[in-house]
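Only one chain is shown below, in structure tokens, and it's the form predicted on its own.
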């Protein structure tokens, strides 16, 4: 029987040989027995013979034909990820599939159903205006019910009436790959900069990586729309990557409104298993012309993929922090190179890696220096020196006064503090006891409304003690501020104001964030208090003031990327102010108003700040001038964790390669969920040298039975 090599979801860096007694395609799912239990695998390659003894080779139990095989291009992409990120091929391939495709239950491929016209529309009563619009649309072509519901609020009821009366009937929808005529709704006239950006990308012959560096409000999304329109007219598919799940519903609605005739699906972890499978299959079949999603959608099957867009390319959310620790942005660039197609990386504050690549000519730099709306101006940036200000629970009187003036003018204010809860820690004023987490090296955060202390690292929680557990003193006081404490202060200061808190706690319910956005757009909110959820991708016309609290925390960080992230975050949140015809203002509370970071922010000068950071990194020997890999280990016994890392460090030094092997150090959070955590950093001057070293390091030969270890290539967190 023929031999096939199969990827299985097991932590071993190899494929497994099986015999198969029927024709099978590469990329096809199969059911096999592995270690006395049945598993789903994916056929990666065939072989004439096997190194495994004949009597030990098992037979494929069943070839699954309920779904199309993975394409050759996707298999190549997954092999690249396995090789580059040094992660077993089986888990790499299986993790890219929707959960339903990893189970041994048969998949029912749903046929796409729609409606078609079956009677002469001229006989329809004239008073049925909505029904007439539905009929006119169906006269062009069969449509799905979801497309028709967008015509009017009562379209659903009218479709039922039309079907009951025999005007229309259900039918199967079959999409064609080509879309010769694509409607672009609400088309705007592009500015000269925007038009030049569109033309430059469209003139690309084959692969090209374009860094679209546009200030906030410069109309990067409109550039995306016009690029997508041209690609859709050519019959291509588009992959649009966004950093956060919270942005997908509103962007999905936005792009669907701009392309009402184009099938669009979203892919992210917030979807149900069935919904994700259905959307994935629509993309695989070529029916979905636009796929919008978070980092996992970079592995979507797209047979006619012609353009990739990575919005907010600098965002750390594109980096997976467990399992296959891939960067979706970097994988997307490789996928574009593999397919010979253009990719656009958009950001107001590009990552220093991308910015450096654009400076040296590896990427093509496109700049948008003006806001798209002529009446819109960049917000005025200022700093409030907390050392010279009267403060009330962490908020300066000056900032409170600015909020009051906005309320009187009917304008909105946003108070940005990237820390949820009431206060970061509860402390005893008598003995200095603090609310340490028993399971982590961090503190338990005070959530006053729930009367709980919660650890945001391991999830443990407990009731607020009535007295100090250390000395019994009753004087327990919150230290520092979170979103809940700021909300309470503002409610006390402005009792008649409509205040809305937006953070992970307040948006837990499924539709909460959608309802909040509607309130904000309807100007039913005076003051917004929120975390980074509000910092990116939102357009609130009535918002004219942004106040930033706690910005100095990042300046103390040991992470060399902290200042880069802070600048990007502040620039993004500042971009929420003054996006319409009203001038915007940003006030940042800081103890260091003369810090170079804040000086560049005041002038919206990303280029100067990036140049300064790149100079510092070049002198210090940090990325993008070097390439790094981080080996992390964690376990319940500290001595075992450090002994393991010291052994692999000795092995690295013994190889005598042109790499720098640093010492074993504790992780930034040295203990989490009762597990001790430590790490080992390897650094090289070239990517090729680092990759060759990692292949020869052979850390799997060092026993680590009771430890969890992970190798992170191009780490983003330290």
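On a predicted model such as this, the values are computed, not experimentally measured, just so you know. Numbering follows the first chain given and starts at 1.
Just so it is clear, the following notes concern the form predicted in complex with a small molecule, a form of the same protein that is not shown.
This chain is drawn without the small molecule; in the predicted complex, the residue among 297, 218, 484, 349 with a heavy atom within 4.5 Å of it is 218. Proximity to the small molecule in the predicted complex, defined as a heavy atom within 4.5 Å, singles out one entry of 222, 634, 411, 147, which is 222. Of the stretches 316-324, 548-556, 209-217, 78-86, only 209-217 has residues with a heavy atom within 4.5 Å of the small molecule in the predicted complex. Looking at residue 372, you'd find a heavy atom of it within 4.5 angstroms of the small molecule in the predicted complex.
For the chain shown alone, residue 544 is not a contact residue for the small molecule in the predicted complex, no non-hydrogen atom being within 4.5 angstroms.
The small molecule is not drawn, but in the predicted complex it has a heavy atom within 4.5 Å of residue 190. Using a 4.5 angstroms threshold between heavy atoms, residue 194 counts as touching the small molecule in the predicted complex.
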